[in-house]
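This document starts with one chain, in the form predicted alone, laid out as structure tokens.
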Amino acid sequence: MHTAVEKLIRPHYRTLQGYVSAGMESDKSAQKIFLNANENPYTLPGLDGFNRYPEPQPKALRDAYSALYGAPADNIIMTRGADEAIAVLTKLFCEPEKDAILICPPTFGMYKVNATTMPSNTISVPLLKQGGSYALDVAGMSARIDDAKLIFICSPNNPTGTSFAADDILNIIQQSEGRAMVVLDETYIEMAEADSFASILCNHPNLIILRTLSKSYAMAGMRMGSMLCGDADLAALIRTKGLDAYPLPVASIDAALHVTSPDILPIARANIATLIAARKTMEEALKQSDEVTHVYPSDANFLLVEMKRPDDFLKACAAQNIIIRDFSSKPDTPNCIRLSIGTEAQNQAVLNILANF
């Protein structure tokens, strides 16, 4: 493992003897009789295969992710959504009551939640408002690098939808080497024009990229995410010492293999293109309303919308069984709602309420 990464890991994880599950002992795809995991040998009707524990990190799926994301298979760890990845990294790098993470609010709330549950400290370097959008405060982040173990950057960002300048992100990654790990959350990258940092992943041992099938690939119900580690040895350590014994359900593995297959992947990508077009249409339509004071540029499948009367609009939508996320009371997003992009009919239903509001 790169020494700059190893020194950042909590010391006891370096020597910890991770649990070796029965699923790690043999290739489940092999034609063998498995009597090593205390499994029930009898299946129930309609549930073939569910009586056996799944492979903890199935090779076929890692290879599929490698092809999908353009990262080496050895550098990939599969998790139950990106949320589990965030929790695992916080546990691995942050000593309770001592270490800290750095976040750039407004941003995804789970970074701070997981740090608080450790408990670890949270350093906030708020985003800068520039020209009706948001940007990283690179100078402010640079000043606090040595105070943090993990630096979380969400790009495109949730809830603002902002894709941050690649040069700014790279600047922080380079400055942080040997000082902190940079966790780049690319949950929404498929919706953006910006390229993933996966292409330069292996040039930066302190870089960890979060990806997920939940948003762009319509797999939220299956909870399938992943970490792409710049250091392959770190990825191996996380697989053996950072995860639960059997982190991935059988049905989720099968579904992920299905969605990344040559037959289904083109359909998923066509749906992504449809959502991007709908987002642009929705943005223009919202701007025409006198009730809307600003629509923030977005590279995700949602829009952050500033309104004159957000509370009343949310109530009007709820009365029509349309649920929209309320950010209006949060200090970094006053008077704002976050609107996910739906089907054409769903989007039009929101616009109809707005027109008669």
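Each residue number is its position in the shown sequence, starting from 1. Source: prediction; values computed, not measured.
Below, we refer to the form predicted in complex with a small molecule, which is not included among the displayed structures.
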{"query": "Residue (of Arg239, Lys215, His204, Lys149) lying close to the small molecule in the model of the complex, criterion heavy atoms within 4.5 Å", "finding": "Lys215"}
{"query": "Val259, Cys154, Leu234, Leu243 - the one with a heavy atom within 4.5 Å of the small molecule in the model of the complex", "finding": "Cys154"}
{"query": "Contact of Glu190 with the small molecule in the model of the complex (heavy atom, 4.5 Å)", "finding": "no"}
{"query": "Touches the small molecule in the model of the complex: Arg223 (any heavy atom, 4.5 Å)", "finding": "yes"}
{"query": "Contact label in the model of the complex: Asn158 to the small molecule, heavy atom within 4.5 Å", "finding": "yes"}
{"query": "In the model of the complex, Tyr111 touching the small molecule (heavy atom, 4.5 Å)", "finding": "yes"}
{"query": "Answer range among 167-175, 79-87, 261-269, 275-283 for contact with the small molecule, defined in the model of the complex as heavy atoms within 4.5 Å", "finding": "79-87"}
